[in-house]
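In the block that follows, a single chain appears as structure tokens, in the form predicted alone.
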Amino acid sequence: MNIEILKLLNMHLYKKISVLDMLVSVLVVVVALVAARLVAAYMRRTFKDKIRKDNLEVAIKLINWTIVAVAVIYALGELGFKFSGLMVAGGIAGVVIGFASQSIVGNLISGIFLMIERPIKIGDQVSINDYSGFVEDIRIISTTLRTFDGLYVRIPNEKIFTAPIVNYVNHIVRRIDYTVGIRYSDDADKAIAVIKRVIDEYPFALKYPAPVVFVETLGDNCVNIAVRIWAPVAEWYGAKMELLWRIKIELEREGMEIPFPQRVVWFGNELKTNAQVRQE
């Protein structure tokens, strides 16, 4: 039985390539893939609190590619492939594939430039090509977003690299904009003072850049007060929700209300009656 197994393993499949050589090559690649996953898990566990997530993911990808590439080269060497001829064949194949799939090559090159330039990072809140959400992963061919309503979006890197990118968290501060309406009968100076007091008392409202509060427009039904506040980007969303409510409460406490839309309607019969009364 053992002799038959040895004969089977030494049987040549192609020229000098035996079954044993093929099994060893496949085993090397499989071990490399498993090792790459283990190294990735180890690095994520060890360096998650020491290295930024986006930098860590890029390093893991590079190490994984290196491990797999070395294993593939070693396996091909065990099968007797000559790399000089392989490089020539690979060059020709690369030209053919490049012409046949220009979009894939474009996405590949764009992915490399995105990793170098880094206009976006994993975890950033961005808006790209009418899609807004969190960057989940930056791969060599495409980038994935998780939209604010939980949808999964895959965008080819070529479209990302050539499109305008809005990164909501790239700067450490972000501005909050409000338009607060008060009645024409209310004191605008007092309303501005109340709003400024609320801003001064709020811990995440920055002193610099300084907040700005001013009468912006005179609307049909109200006096519109513009409010411009800067907050740390990590606290922006919570501050935007809480500050507006605090401003509303304080204005009402001071006797000022946000007016409802109003219209004055004149009826034709009333106009005619008033005209007759004047004539008499």
Partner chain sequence: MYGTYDIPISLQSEGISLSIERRDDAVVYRRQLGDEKAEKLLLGGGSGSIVINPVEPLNLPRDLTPYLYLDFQSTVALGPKMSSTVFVTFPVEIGVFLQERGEVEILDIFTLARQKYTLYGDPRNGLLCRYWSTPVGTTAPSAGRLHEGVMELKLANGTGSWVEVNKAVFSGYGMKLFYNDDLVGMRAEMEVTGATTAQTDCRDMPLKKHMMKSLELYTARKLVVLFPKFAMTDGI
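Being a predicted model, the structure only gives us computed values, none of them experimental. Residue numbers count along the first chain shown, from 1.
What follows is about the form predicted in complex with its partner chain, which we do not show.
With the partner removed from view, the residue among 208, 152, 184, 148 that has a non-hydrogen atom within 4.5 Å of its partner chain in the model of the complex turns out to be 208.
Contact with its partner chain in the model of the complex, judged by any heavy atom within 4.5 Å, is made by just one of 189, 130, 177, 200: 200. Contact check for residue 216: no non-hydrogen atom falls within 4.5 Å of its partner chain in the model of the complex.
Taking non-hydrogen atoms only, residue 235 approaches its partner chain to within 4.5 angstroms in the model of the complex. A residue is said to contact a partner when one of its heavy atoms sits within 4.5 Å of a partner heavy atom; residue 166 fails this definition for its partner chain in the model of the complex, lying far away. Taking non-hydrogen atoms only, residue 204 approaches its partner chain to within 4.5 angstroms in the model of the complex. Stretch-level contact analysis of 68-76, 192-200, 122-130, 106-114 against its partner chain in the model of the complex, using heavy atoms and a 4.5 Å limit, identifies 192-200.
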